[in-house]
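Just so you know, structure 1 and structure 2 below are the same protein chain in two forms, each on its own as structure tokens.
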Structure 1
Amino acid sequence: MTMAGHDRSNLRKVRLYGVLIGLLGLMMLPFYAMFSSTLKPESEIFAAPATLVPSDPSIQAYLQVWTQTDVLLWVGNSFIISVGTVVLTLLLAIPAAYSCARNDFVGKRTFLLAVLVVQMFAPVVLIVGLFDVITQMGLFNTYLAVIVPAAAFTLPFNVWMLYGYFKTIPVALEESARIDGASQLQILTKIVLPLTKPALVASVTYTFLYAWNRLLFVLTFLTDSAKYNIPRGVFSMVGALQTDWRMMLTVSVIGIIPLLILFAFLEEYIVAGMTAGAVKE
């Protein structure tokens, strides 16, 4: 490569990373605003105009938040709701996806398309009718009031994701296991599911995130504040007149830490899941 060409490629690199870092900075700005605000003492957070860098950073807010808010309770509830949704969704999705991948039967196409249509049906346009169903089932104000609709709206993604994956597992594997005397259930749990691990991780992550993040169902179907999840808890801290911004932002930071850990470990699966959910191949 000539010197000029080398310079040009270096320049391109500088420009590329410059743009990337600039864009990243833009995307990270809200996190900075959130995090730096929680490090400010009470007097500084209500300074106008805001100080962009905390003048005297302290972790005081993080010590206060445990006694002044229900953050632990909310995180715990979020876990209950998310895990419940994951379990329910998988219990329904795995058999259905497996059946569609292995059998050809009348109504399969209809079922799969109907499932896809459900994904289009956003819960909020159904909320009025759903409210009726939840009350009639006697679920109002129970965790199930949130888990049941969340499972319904994550089911489509899970069915399609697992259906696509099951189809790639050779039938021959299952047949040889059957010859060896394995039962249907054993084949599914001992052979098929272990091979499906990447798809399962993507499914679980997607479902967990969905249930963790949703405000609507908790807002509508849970009035008992002891069952609030993190989004609902944060929402409840927005006061009509006065908002304790410092505590609310601290709760927000704590509420997203589990997700950041999840992201750090499962980034590839999340991306795989997102891509599979929207685009073929």
Structure 2
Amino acid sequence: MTMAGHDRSNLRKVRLYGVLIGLLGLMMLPFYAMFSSTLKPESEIFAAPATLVPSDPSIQAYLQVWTQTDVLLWVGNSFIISVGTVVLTLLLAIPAAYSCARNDFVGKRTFLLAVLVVQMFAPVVLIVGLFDVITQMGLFNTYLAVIVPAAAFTLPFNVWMLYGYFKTIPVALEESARIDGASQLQILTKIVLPLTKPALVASVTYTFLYAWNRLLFVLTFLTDSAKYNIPRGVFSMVGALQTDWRMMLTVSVIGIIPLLILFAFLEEYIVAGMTAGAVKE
């Protein structure tokens, strides 16, 4: 490559990275505005023109939030709902995806398409029907009232992603284990699942995020304030006559921290799981 060609290549990279950094800054702006507002006094939050940097930053809101709200209870409930949804979804998605990847049966394509159809419906469209089902099953005002619908709406994505990943695992590995006397359950748990770790992590992360942010299901199916999650807890802070916006934004920031930690530890597996199985050889 000539010097001029090398310079043009570097210039294109600089432009590309400049655009990406600009887009990243644009996407992060709402999060920064939310965080900076928690450090401002109430009067400065609504000041015009708005200020990006607090004039007199204070962490008072983070000291008061533990005594003035039930934020720890809400975070705990969010974990219960999210972990429960992850467990139920994987218990259903893994056998369904593995069976479709390893077996050809009548109606297989129809089944996979039918599963995908569920992803096309917004939860709000089905909320009335879901309410009838939840009440008739006796699940109203229990964690399962949120976990079951959340698992149903995350199931299509997980089935299809795991199905594509299972297809990339050589069948010869399973046949060798079967010759050595391994049962089908042992093949799945000791050979197949360890090889699908990136896809499983991606499934866990997607499902966990989906369940963590559920407001509609909690708002509809839970009336006990002791079972509120983070979104429902934030919603309960909206008053009829007055709202403590700084405290509400502080709870929102605290609710994001566990998700940031999750992404920080699992980023490598998430990317690998999302892309694996996307290309056929």
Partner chain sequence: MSLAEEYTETSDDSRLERGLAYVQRNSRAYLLIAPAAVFLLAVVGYPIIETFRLSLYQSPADSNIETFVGLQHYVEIFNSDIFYRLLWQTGRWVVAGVAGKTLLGLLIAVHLKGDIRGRKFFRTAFLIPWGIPYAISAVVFRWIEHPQFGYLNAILLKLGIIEQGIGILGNPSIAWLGVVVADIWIGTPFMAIIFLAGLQSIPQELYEAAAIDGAEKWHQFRYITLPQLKSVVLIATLLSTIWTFVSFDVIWTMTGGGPISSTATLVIHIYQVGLQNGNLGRGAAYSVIGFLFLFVFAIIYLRIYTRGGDEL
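By convention here, residues take numbers in order along the sequence of structure 1, the first being 1. Between two forms, the rigid core is the largest collection of C-alphas that superpose within 1.5 Å. A quick note: this is a predicted structure, and the numbers were derived from the prediction, not measured.
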I need to confirm something. Of structure 1 and structure 2, which is the form predicted alone? 2
Rigid core fit then I256 CA moved by 2 Å or more between structure 1 and structure 2: no
Rigid-core-superposed Cα shift at M27 between structure 1 and structure 2, Å: 2.4
